[in-house]
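One chain comes next, on its own, written as structure tokens: the form predicted on its own.
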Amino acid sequence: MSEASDLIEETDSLGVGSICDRALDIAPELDNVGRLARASALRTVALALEGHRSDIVRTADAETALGDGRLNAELTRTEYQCDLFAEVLEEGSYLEVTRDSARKTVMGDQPDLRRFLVPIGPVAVFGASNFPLAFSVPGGDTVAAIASGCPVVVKAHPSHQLTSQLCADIMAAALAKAGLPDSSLQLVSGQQAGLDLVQNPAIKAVAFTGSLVGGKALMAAIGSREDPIPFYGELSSINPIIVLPSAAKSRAVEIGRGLAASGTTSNGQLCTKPQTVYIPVGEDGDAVVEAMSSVFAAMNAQPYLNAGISMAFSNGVHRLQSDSRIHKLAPQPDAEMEWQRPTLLSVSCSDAPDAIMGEVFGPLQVAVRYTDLDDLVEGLRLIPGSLTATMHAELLDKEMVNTIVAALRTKVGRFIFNGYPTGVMVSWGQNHGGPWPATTSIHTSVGATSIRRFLRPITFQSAPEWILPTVLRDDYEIPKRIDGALVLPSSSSS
């Protein structure tokens, strides 16, 4: 991987302060240009990124070694995010416009109340190590914040600083070309710059995708502020997969290969990597595990995003293997730190140590063998908050599925059936979140409703028409709720 990122100069404290001041100054202007202007700007950004596709992919591959295929797909996803949020802005319901008309009630006279959502203010976004495009400078957090009307300051990840700078330059130019204020998107670099950023009073929210350790450090820094602000962190997830008996019996090899492929995609460096896989004891379950083992055994060592991730993976695997209850089924990490082979371990469900419930970021899977439903449900009690839970099941497993859903409903943000958690569609219905330590937020970080993180409600009471913001006036056609009833626009509004 390239060390050219060393050429990027770190942003000093004065520089961070100046950048944050500029973001705060232009925040009202970015809000006032309106949702349709921001929608047009996001479409312009998508076109600009596409126009520089070859340069972006080449630069990102030099820094991350993720490969042309993965990076091209990620850039396509990033452009799609821009177009989706343009649609969100044009449709308008994200503003949650609500009116309660003045009237008499059993509680007394009700005033005219009109409520909608406004931008929270400048947002800090931390680029993710494992997604140089989709969760970094041009990622979903940035796009959602710009869509909401919030200026964005991105802290570049040290693993791909050149990619971050290139994308920031392209996007800033596109936003300015589309008529948005200068400095709607800015970039800082360096560890201290990140701490300065989250502690700057101009910043009103922070979005972070990364490790639990890194997230806790930022939360501590934010906690030292005089004014509390929301921290939207995606931190740690083991994404359990449960293979039920009928599914193991009918498609053991297919499931086993799929499990291994999902666990080693992008060398396991994905937030949705399934780490713990619950498989029934017996011949059918053995066939699933054998199929998994064959995939792991055939895989060569793969590069890691950086030496720190590689070392943490190696330490995590060796820590688990030091427990006599856990057995190795496929290769352990190699000695060379930045190239290691995937690892498959096995443990009895009734004897599984708490250690397997901690995320080991990288290509590790643990096959947890259960004897019956009671054994499985008892084992699932240990599952920490996760982004996803997946079940492979047939109709005969219906009652087991219902029991498992009930057991995990408070622990995960998305249930997947007869599929795999890796691959998160950007859409209106997506939820990419989960209870702690998966995330710190009740809102998704992917999809249309992720914009809600960067908006806050405000209500106008008994205000005359001439005082009301345009969006709250009677003749402004946008999806809204009036006296409890949903009202759709009769035509598009400008």
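This one's a predicted model, so the numbers in the text were calculated from it and none came from an experiment. For every residue, the number given is its place in the sequence shown, counted from 1.
Same protein, other form: the form predicted together with a further copy of the same chain, not shown, and the subject of what follows.
- Screening Thr105, Ser322, Ser224, Asn300 for any heavy atom within 4.5 Å of a further copy of the same chain in the predicted bound form leaves a single hit, Thr105.
- Distance criterion of 4.5 Å from any heavy atom to a further copy of the same chain in the predicted bound form singles out Ile120 from the list Ala287, Ile120, Ile309, Val295.
- Against a further copy of the same chain in the predicted bound form, the set Ser250, Ala261 and Val317 makes no contact: no member has a heavy atom within 4.5 Å.
- Among residues of the shown chain, Arg409 is one whose heavy atoms approach a further copy of the same chain to within 4.5 Å in the predicted bound form.
- Shown alone here, Gly51 lies farther than 4.5 Å from a further copy of the same chain in the predicted bound form, counting heavy atoms only.
- At a distance threshold of 4.5 angstroms between non-hydrogen atoms, Ala65 is out of contact with a further copy of the same chain in the predicted bound form.
- Within this chain, Ser93 lines the site of a further copy of the same chain in the predicted bound form, having a heavy atom no more than 4.5 Å away.
- Per the 4.5 Å heavy atom criterion, a further copy of the same chain in the predicted bound form is contacted by stretch 414-422, the sole one of 157-165, 301-309, 414-422, 359-367.
- Residues Lys216, Met219, Glu226 are the members of 204-226 with a non-hydrogen atom no more than 4.5 angstroms from a further copy of the same chain in the predicted bound form.
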